[in-house]
Structures are given as C-alpha cells and as structure tokens.
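Just so you know, structure 1 and structure 2 below are the same protein chain in two forms, each on its own as structure tokens.
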Structure 1
C-alpha cells in the first residue's frame, strides 16, 4: 500500500486515493514557529513529532521506544552511548549522522526554553558517524526521558543561520528540514499549517496513510466543536467537558479521552497568611474540597480526581492515596485550629488556561465557604494571571503542572521545593513554604539511579505533602479529542497528548 502511494507520488499524482487520506484538524493553539526549539509547548512538540523525529519516543504504555536512536546503553554512571539509525534522510536530502545530533543538542542547550532540561548534559562526543556518547554533569536518572525532546535537526541545512531568537524572524522559524513523516507545505501563523507526506520517510513500517494534513488553530471551544459538527474539520482537541454530551449524541463522531498527567492544584500561601501555616487549617481545606464532585460535574467524569501530585504513570504515584472529602471532620479541624468562625481569604485562578479552570475555581471557592472560609475569588486571562502568580498576589492560587520529563520529581522541583532564584527551583511554589523534607528528597531523587530506591524517595515526598496538605491536588486534566469515525486516532494518541500523526490511519479518503 505504501509503495503504491510512493509510486503515485513519484508520478506527481495526489488526487487519486490509494487509501491515502487528507485530514484537517482544529486545535486550540498552533505552534508559534517552525523552529522546534523556540518554545516548549504542547503544540510545539506535536508539531515536532510530525515534521521531525526524536531520538526516542514514548509508547502508549509509558515506556520509551527507539526512533532515530537505534539502541542505547550506559557506559558508566555519567555516560550513555547511543547508536543511531543509518538510513535516515532529512527533507533537504542530507543524510542524518552523529554531527546532526551534536548540533541539535548544542542548539537545545542554547535555547531559552529547553536549556533548563538540557543543562544536565555536559557534552556529546561523536564516536563515529552513527554513534555518540552523551556525558552528564552528574548521575541523572532521567536522561532517556529528555532524549525524547531531541528532535534531530539538519545541520547542513541550518548551519550558519541556526540562531534561536524568541522575538524575531530567523531562518529556522520560517524554514525547516527535519526527518519526520511530513514536509511543511505552507504556514500562515495563527491561521493554518499545511503538511504533506514525506515520500522518502525512513520508517517504511509506519501504518500511516495521511497524505495531506492541515492544522487550523481555533481558540474558542464552541467554534471548534461547531467546525467538527459541520464537517469542516475531521478532528478537534480539546473538547470542552460541557460539549462532551453533544459529541456523544452525534452518530458519526467519536470521542477519545484519556487521563493526562497535568495535575491541577490549589496552592495555599503560608507566608501571606498565618492561618494557612496551621496544618489543621490546610487539612480542613483539603477535606472540604470534593475533588470527585468537581470531576463528575464540571469535567463530566473525564479526568481523574487527585489526592496526590504524581499521575499513575509516574514513579512517585501511590496507588492508595485517594482524595479525601469529609466536611464534618473539616469543620472539626477548623474548630481545633481555633478558626471555628472561619476567615476571609483571597484566591486567584486563570480563566483560559486549563480546562474549565474558572468553573473549577468557583466550585472550589463555594466548597470552602461551607467551612466558613469566605473566598474572594478573582479569575484572569492567562496573560494577566501568570504575572500575578509570579507576584504571589493572592492567598490561594490555582496551578496546573505538566511534568516536562514525565516524572514526579519535575513537579516537586517546581511547585514544592523552596524558591531559589538562581536554580529556578520552586519557581511555581506559590505556597511560599520551604519544607526541609521535600527539599532533601528532591535533591536525592535527582541523582538516584536505582529505580526502586528512587521510587521510595518520590513516594516519601508525596506522602509528606499529603499529610501536611502542603497543596491541595484537584485532578489530572483529561486529554480529549473528538474525531470523525474514520479517523483511527486511538492508535497514535498517548497520555502525553503527542499524537504521532505520521502513524495515523484513516479508514477512507475523507476529502477525496
């Protein structure tokens, strides 16, 4: 079938459908640039998977599979040897070699968004054309995880004009040569991105049959849904929870959802309010919030109520740590802490960042009022919200955190650790506490290579956080797609929400 497709392409035909399909997808945001290193965002990584290939990538079961890296092994505690594929060709026609990997990692280390992840990489040595050694500054258990971000770029194509600039036009932001399943045909920022199948793709076993793919950013949830319902597009994401019922009622449309790893939580600022320093008050607040009800009513049962920060797939996850809800006990704890009459607190939440964020915040505020905590809630568009977040402008802040390394420790480092302006640790700790136990655990987990031992450390942090109610976890945000029935998205979607478009199968030619 693929061969048939290739031949046809070679002949310059594309109208005839040899099971080849065209698909249009509408998402909430488009990649801001053609340069994969310009911004670490969901849209950016989705795009990278379509146009580039990573060294390794996540399987649906949470393990990593070889892509451009054929195999890997640890030479010593700080060195990993990687064997590269030797049959990969970039869109420009250049062959991929070890030099391209060196070039890419160097570029990542210079990118504002990625350098935090790649600081740990000391340097990369070329052994031969298809072998490299990666040296880390210290023992680092998550090296393989970050290699999933190494989308190898074409050195021959970019060299000499490879600068990464955040605000400005660069060669890389409007020209692209990757090794991925799709070529970029056209891009109008904010309007559409048109991709075309790469006829020389190295992965001959890929089941994908999408010939042309068009990405349309549509910001408004209801307009995006309308586009799918009217048949203007074939797949959309995200689907607002409120629209799920509507999607399910529509016969030729299917809904695809899975629990993601983004944890949405409330942070209780202990340095702004002395009341919140009292563990009993925090526990009471935690008990007063009914996570399951929020998930059931606001997220329509999608997503998962959380009693901890680590998603099921993460090492730190504790399977029997469930969200607690007990209003009577909460009232009692408040009384014990000496706040029977309650108090007023301020709370802020974004209104266009996380799924139904504003409604969740309102619901949580209403729940806190039941234990006499009067909440002055304000919600802001994300542009203003995160500025306020940095200023720690309210007693309670809402935050959703997606671990970039798909590991618990990334959550702990950013949201629980003591704030350290130099290292960036605790940047998102809007609780403004500094807990020595957490601090120690985070440091240990970053160097511990023994998986079992490491898991114990991470779970220890998780236990401690729950016991002290340092933050109030709410839920793991769901990943929700809706597609026409012909689009077999389930085969390529994963809990990271990085669909591998190259492998997507569409059962009949949709647009002819």
Structure 2
C-alpha cells in the first residue's frame, strides 16, 4: 500500500492503477539508437511510442486519433492546419510548442530513412505557439497518415547537435528528451534498454500501470521462449512457428496472433549482376521458389504466401495475382535466356529480424539450386545485416517491409522507385534498377485524390512488378507475441505491431 501511495503522489494523482507493475520484454533485436529518426524500423518505432509521442497515431480499427495534434483541418488542397496540445512537457522540462514541430519536420526531411516520407512537405509555418500550417508541394492523399511518424523532438535539448547519421555516433543517438510515457533510465546497446514511467506525462487518462519496463534483446527463439516459460520475462516477440503449439499448451501463457501486412521479399541486384538484368532469369527465379511450401513447412502455416507486394487491405492489391511455382517452366526460361547451365550468386539475409528468416533464406537458396543457380548464402544479426544492406553487399538480399502509411505506394516508393539520395525515394531498392513505369506510377499515385483512379494506378504498378519479376515476394508475416496472462497486450497492440506501451495494463503486482 505504501508503494501505491508513493506512486500516486509521484505521478500527480494520475490515472494509474494502484497495482503499479514492472515488466520485462524479450525481443529479437533492440533499436539501433536512441534517435527516433535514425532508422525507419519496427524496433525503432516501438521504442519511439514509449519515449516520444507522435502528432497522431493509429487506432486498432485502422483510423487515426489525436495525440500531440489536438485537431486538424485542410485549409486548401495543399495546406493542413494543426492545433497542438498546450500541456505537453518534454523529459528535459521544456514545454512543447510549435517551434518543436517545425524543428522535427525539418529534421525528418534530412533523415536518410525518413526523407522519402516527408519530401512532399514544402514547409511548415508557425501561426502561433500551438498552431502550425503544413504546406505540401502538391495534393497528397496520405498527409495525415505520415503525421503518425512525426515523433516531436525537443528543439531546446537537441538544437545545435541534431545531425542524423545512420549507424553513427551522434548526440541524439545516445541522449534523449521525448514527451512520451517513459523516460530512458539506462541503455546498453545489444544488452538492455531500461525505461521508467514519466511522472509528468500529459495523458492523465491513460489506463497504463507499468512503472518500469526493461527490453532485453535475445536473438535465439528457444532462449527467448525459455525466458518466458521460466518467468524471467513477461512478454516475448516474435514466437518461432515451431514453438507456437507449446505456448498454446502452457496454462499461464497466452498467444497473441494478428494478420500482418509486412511483406518479406528477395531483391535481385541488377546493377551487380548482368544475369539479373534479364527478365526471363528473374521470372525463372520467381517460379523456382515455392512460397506456399515455405509458409507450410517453415512457418508452420503462420503467414500467407505472397505473389505480390500489396496486402489484401491495401488499394494496390490484385485479388487474382497469386504466387506461382513451376520448376519446369523456370528451367525453360533459364534456357531461353541463355543460362541453362546456371551461374553462381551471393545472397545475404538477417538471422534475427523476420520470422524464421535464416531458415527461409536457406530454403530459397536450395530451391534456386534446382534451376542451376548456386547460392553462396550468408546470414547476419540485424544490426550488422542492415549496414551490409545499405552497402548492397550481395546479389540477392532479403527485406521485409511494413507500409508506414498502411498503403501500397509506401512499399513502392521505398523498395521499387529509382534511388534518389535527395528525395529518399528508392532508399531500400537493393535491386538497384530504375523502371520508368514504376517511377511514373509512384508519382501519379502520390498526387491522385480520387480513390478509384488511385487504386487503378497502384494495381498497375503491382501488375508490372510481377510481370517483370522486379522482386520476389515471399510471404506476409503475421504479428505474434506470447505473454503472461496478466499482461493485457491485446488492448494496446495495433496492426502495425506498434504497442502503445504507455497504455499497457498488467493485472497483477510488481514483476518479481
């Protein structure tokens, strides 16, 4: 009872439950940095929702709700006015104002990973301390969607040392002042991230009762599960398909599984290898990989075999564009391309980023051998892998992409568009191709405000991508967590796999 009283006094009588809880979470990899703008990744956004706040955020039903933006309206086709909350305090003690929003958006436009999302923003005007106008370079149907990635930063804390360097050592990569529900208490990269409840958090209606949260990166699926089963941690993600049945049989553990829209693909580098410039070779490789078998045998049915990049929920999805497997046709195409005897390529994949990623890569490599393509496969931990990915260090590279705007064109502009260092388009195009039809489609879709016409444009890109086998889609990855039954994660987990940690409730006392 004394602890409960102290917590209530410390929190200014916030909406916390008296059963304040501590929680430990084991994940496959930790965020690479404390800088929310350094890498556009699932782990990074999950961290950002704990330590920072966005202008808006996704509800579980797919709509957007206000956060630091209290309200918004379109003033004209290219201008959105946003009214900000006036009761937000950063961890440094500084008050949040319009100046912080201007600072944040400008910083996002300079981030290698985020600039493609924000290059549509021409400028942001300060109207008063709590009102801003966002001006776009053209009509843009997804402006509100991208505001879910504006995690507002403390200008007074970061100014003068705000550079964004991917995988670099900067002030922002190791120092933090957000406005979110948790403060960073300790971080040892690759070992743990310890967060403590923010006693001055603006959202006094939050039902969350977690006082301390510790994230532990555990690469091994079996070790991660063992930590949960022995009580060393309270929640884990992901859960390996081979372990799901065991989790379901364990009385005090619950499994949370949601349909995901993250597409896992193989990218074929046309710049590194002339063989991969031949459409028939790429088509043969696509036909040689049995996506359905990968999902059935390796993922144990968790996941959905993919013949395209757009998930069912996206406007670009084509209902009859299914994965195709035909080894004989693949051999014929290789012969027609002049490569009946095959060739040798290099492939790289992560081994702790996507569900069973190493095993999937091994299976894909074995399947390609059947059409005489010998694969030299290397796998790496996530942190090392994505540095190699940015260097385009292999002929074939694995990538998973979760649409940041819950829209097909986000996938296209990051993974298919011509690479442009200035705009950020094509940042994750490790195929290093530049297709004019894709480029034109991406540009048109980013301007088209009529939903049906926009759908036709997006489906045109999807059809062209499949026809040319520009990439090889593998599967859509589900969202799978396992937790103690006391952890009410289902109430805060959304379809992008971004739990809203500040609202998390644990129904029993402090973690032991």
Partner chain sequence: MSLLHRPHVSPEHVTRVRHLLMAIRGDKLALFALLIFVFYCLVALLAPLLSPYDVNSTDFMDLENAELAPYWQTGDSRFLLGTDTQGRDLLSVILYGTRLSLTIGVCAVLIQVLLGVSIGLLSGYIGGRLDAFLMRVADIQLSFSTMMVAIVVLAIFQTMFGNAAYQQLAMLMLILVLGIAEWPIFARTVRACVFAEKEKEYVDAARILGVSKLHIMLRHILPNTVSPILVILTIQIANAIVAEAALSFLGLGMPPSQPSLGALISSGFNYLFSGAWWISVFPSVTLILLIFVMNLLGDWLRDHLNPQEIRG
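Note that the structure is a prediction, hence the values are computed from the model and not measured. Residue numbers count along the first chain shown, from 1. The term rigid core refers to the maximal set of C-alpha atoms that superpose within 1.5 Å between the two forms.
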item	value
Form predicted in complex with the partner chain, given as structure number	1
Estimated from C-alpha overlays, the smaller rigid part's rotation between structure 1 and structure 2 in whole degrees	27
Between structure 1 and structure 2, how far the Cα of residue 422 shifts once the core is aligned, in Å	8.8
C-alpha positional change at residue 453 between structure 1 and structure 2 - rigid core reference, Å	5.0
